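Given as structure tokens, the chain that follows is alone and in the form predicted on its own.
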């Protein structure tokens, strides 16, 4: 199959103040050393990869004291010019919201507003052509999915996450082709009922092994042809090539210490 890449628009935040000083997910250990300079270099390689693929990358200024602001995907969900900003479950991340809202309101999104319900942006909302796949169980509240459906006027498919390592939907699933409705996911990250829903909606999906999921191989970004993901997810790399995709493997091992990867660092501003 011939895959066609389409230009994307991403919002990202440099990890200038990145550290692991608290623990709000199963990956974070404040006693484990973090090399900030290495994290910055790995993040910059991710930005360079997007630019080399001819995508547009905008940057929001990092704020001192907000080490997780680098994980821009959690800041909002953006579809067709409408911005629903996050309402974080953990107080440590709550101050990120005003900084992101300020960026949106000064860059052509005057109606951007925060969610009423706990809602962690694209961390738990993956956008396809005809629906929004929405995670719940660890971060975003169940009621947030009703708000998202109404705000974006799109059907929402609620999916229950059951493994604390995969605390956001984007750690357990990635959209590969929005138009064709192709995804990849790790079945064991979901409840039996949600696995059944996914099997019905996406019978031909790529299923990630436990080993690939454990290195956050599903925390990936695709433009319909090129899939940027952790290089250590070797099984997924092989499966993607078999399906006609072009994997772009990167090392984000420092950011992984906070439970983040390629997608966590990348908020897509969907045009439609």
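All figures in this text were calculated on a predicted structure; none of them were measured in a lab. Positions refer to the first chain, counted from 1.
Another form exists, predicted in complex with arginine; not displayed. Remarks below refer to it.
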Establish, in the model of the complex, whether 3, 179 and 245 all lie within 4.5 Å of arginine, using non-hydrogen atoms for the distance. no
If contact means a heavy atom within 4.5 Å, which one of 186-194, 161-169, 103-111, 147-155 is the stretch that engages arginine in the model of the complex? 161-169
Flag residue 12 as yes or no: does it have a non-hydrogen atom within 4.5 angstroms of any non-hydrogen atom of arginine in the model of the complex? no
Taking heavy atoms and a 4.5 Å cut-off, does residue 74 contact arginine in the model of the complex? yes
Taking heavy atoms only, is residue 252 within 4.5 angstroms of arginine in the model of the complex? no
Residue-level contact is defined here as any heavy atom of the residue lying within 4.5 Å of arginine in the model of the complex; does residue 93 satisfy this criterion? yes
Go through 233-265 residue by residue and record those having a heavy atom within 4.5 Å of arginine in the model of the complex; state none if no residue qualifies. 258, 259, 260, 264
